[in-house]
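As structure tokens, one chain now follows by itself in the form predicted alone.
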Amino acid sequence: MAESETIRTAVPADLPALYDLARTALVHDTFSPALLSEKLFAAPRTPEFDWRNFVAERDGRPVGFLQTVVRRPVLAGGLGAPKAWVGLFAVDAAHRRRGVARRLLARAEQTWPADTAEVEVLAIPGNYFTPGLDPRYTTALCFLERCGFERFRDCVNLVGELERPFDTAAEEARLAGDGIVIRRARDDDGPRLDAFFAANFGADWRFEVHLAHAQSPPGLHLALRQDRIIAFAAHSGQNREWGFFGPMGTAPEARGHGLGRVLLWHCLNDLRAAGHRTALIPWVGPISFYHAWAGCRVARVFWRYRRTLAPA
């Protein structure tokens, strides 16, 4: 390690300097200090998640930072091995190829439990900046591959224009005839949501929906039959300044009724009313659905990386 370089834990007071570094290093992304603070310091998860941020300094000035997150299942029932993530990271252009990122990663590795099975890059449940690496960050791509990470999947973000509101009245009248009610989530919907996600989509999506539900007004719209949730769509649970949509899902027995498009339109109308000119739909699977019902287009492609570890 260079004599003048130190690596320490980052604290919220470092935000202005980290923002200046990130803004100049992450040239394909636009974001505010508040959004960077959300990613690095909000840590909006339950106790099984351990969040840490490390900053490398030379002569007292930050030249790089790296976030790491560990999920320890022992605190969530003891099922499975721990999993780690390499979160948002950046190195000042003038200090690249000097080992800064590798030393930050080595410091992060010290925080991973010995029985950690896998490390994934960027796609941290409930608080991710991007769902993978934009391959235009070629230096970062090469760094990850030199460190043993392997590309295992691609994913895309879509963008939809919000030039006009979406009219849901006719669709909602049709659904009402089938006994289905569309409405915004209420404060007393927590137990209904718990039951729905326990049966269908699991804890990670339940947490993201909790973040959307906590907004004022809730960024969460529901479809119910006989007072039981059968579909949902959420927005603004994180990355609010980007007009962030998702997640969305329908119980298997309720698919084929057009619930998804109606709930999507409600969320997009919310984003438009909040002043957004576009909506960002991240980590998309059914591209054709969003293209057909909201005119969305592919905006960015991400490569997902992971490294499998041999437990000690």
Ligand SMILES: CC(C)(COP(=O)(O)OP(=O)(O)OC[C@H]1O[C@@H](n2cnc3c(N)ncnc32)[C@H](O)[C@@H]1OP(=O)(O)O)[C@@H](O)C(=O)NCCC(=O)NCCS
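One rule holds for the numbers: they count along the sequence shown, beginning at 1. Source: prediction; values computed, not measured.
Beyond the structure shown, there is the form predicted in complex with this ligand, which is absent from this document and is the topic of what follows.
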| item | value |
| --- | --- |
| Candidate stretches 166-174, 110-118, 141-149, 182-190, one within 4.5 Å of this ligand in the predicted bound form by heavy atom | 141-149 |
| One residue of L26, V55, L263, V70 in contact with this ligand, assessed in the predicted bound form (non-hydrogen atom, 4.5 angstroms) | L26 |
| One residue of L158, L88, A123, I230 in contact with this ligand, assessed in the predicted bound form (non-hydrogen atom, 4.5 angstroms) | L88 |
| Interface membership of R98, this ligand in the predicted bound form, 4.5 Å heavy atom rule | yes |
| Exercise: R102 in contact with this ligand in the predicted bound form, heavy atom 4.5 Å | yes |
| Y128, heavy atom within 4.5 angstroms of this ligand in the predicted bound form | no |
| Contact test in the predicted bound form: L211 vs this ligand, heavy atoms, 4.5 Å | no |
| Contacts with this ligand in the predicted bound form - residues in 219-244 whose heavy atoms fall within 4.5 Å | none |
